[in-house]
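So this one's two forms of a single chain, laid out as structure tokens and tagged structure 1 and structure 2.
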Structure 1
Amino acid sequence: MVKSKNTEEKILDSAREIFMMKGFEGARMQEIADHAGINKALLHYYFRSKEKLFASIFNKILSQIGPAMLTFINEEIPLEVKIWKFVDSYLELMKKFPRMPLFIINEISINPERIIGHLNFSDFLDLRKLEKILHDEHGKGRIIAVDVKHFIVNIIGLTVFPLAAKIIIQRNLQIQNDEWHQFIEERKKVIPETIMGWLKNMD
């Protein structure tokens, strides 16, 4: 139950919470209303339908992810620092909303039509610019030649996967709740090490 906020904010906060926990299909308007401390009718008064309420929070969420990728590419800093900054800012953002990565991947995969138009990372991530950076670094003999697509998938996979699969990883690797935070902190070091080890593997 959220306090000292106007009704619309309370609804949006509760909707985000419940939708992230249960997904679109599993979420119940009644549960969202209860969580916000109001009744169902008010939800419809403010957002007309479940679909529209969902769209509202989904847009909000996606707009928060872009900035985390901006620093990755645009600043004039060494490649290694770019990677470190991306991993750090992404993992920090996800501390607030740990269910966000899985939620986004799943909702888009189940219902891509609902999302069309919101899914453009090209605003934040200029593939060609990144490709040029990798190409130049290789030209200077600093790194091996790599495909920019695998470069991106590697970094994002190493960063996002443990968050998305948190429960499975915790159970199978026997990481208790109070150790999880530490594990994620370690990844801030491990991920850049992994990527740079790969890029500098010059045998």
Structure 2
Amino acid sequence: MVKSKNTEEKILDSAREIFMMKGFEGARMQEIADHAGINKALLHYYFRSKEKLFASIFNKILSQIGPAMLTFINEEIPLEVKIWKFVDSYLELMKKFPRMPLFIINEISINPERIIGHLNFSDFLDLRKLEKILHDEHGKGRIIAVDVKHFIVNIIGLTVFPLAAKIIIQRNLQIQNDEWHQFIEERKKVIPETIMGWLKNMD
């Protein structure tokens, strides 16, 4: 039997949706097969286990996050533009996978090792290189001295938290569903400004 790219993509799309709704433990291969419109035997022909299917989904998502990270590190552009481009790329990606941030947080609370095993950014994020960028910017008097770990966590926190806590934020800040897209678009400007405001606070 020859594998079809269209069938494989259909399986991955269906599996991602089921995993996001029910989590790894709650997802069933039969349900994924039904959602993809194929039989379970064909599903196992493409992906022999739920673990392999789960890994394939994460690898596909990381393949889209990776280029944004590589651009952030390697492109010869001002730090502020690097931050803006990364935030913009990440938020655009999350439009395609809106359930992903909350799903990851939920899965971490259940089985952190499974998630950590798939969320390894070492292929895309060179901490030493990023640390040198921050060090050089500080040496030129453009930003304060900053620990690279705090820099990364601040960007991730400002970017990911509103998406993971969408329901809480919407209800407590009275942001309606039809206003949410505009709110996230505004975050593309607010997050870089917030990070740069912190980095440039020379007082």
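Along the sequence of structure 1, residues get numbers from 1 upward. Note that the rigid core is defined as the largest set of C-alphas that superpose within 1.5 Å between two forms. What you see is a predicted model, and the numbers here were worked out from it, not measured in a lab.
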Of these two copies of the chain, point out the form predicted in complex with another copy of the chain.
1
Taking the rigid core as reference, does the Cα of residue 165 move 2 Å or more between the two structures?
no
Tell me whether residue 136 is among the residues that move between the two structures (Cα shift of 2 angstroms or more, core superposed).
no
Does residue 184 move its CA by 2 angstroms or more between the two structures when the core is aligned?
no
Quick one: how many Å does the C-alpha of residue 48 shift between the two structures once the rigid core is superposed?
5.1
Once both forms share the same rigid core frame, by what distance in Å has the CA of residue 25 shifted between the two structures?
2.8
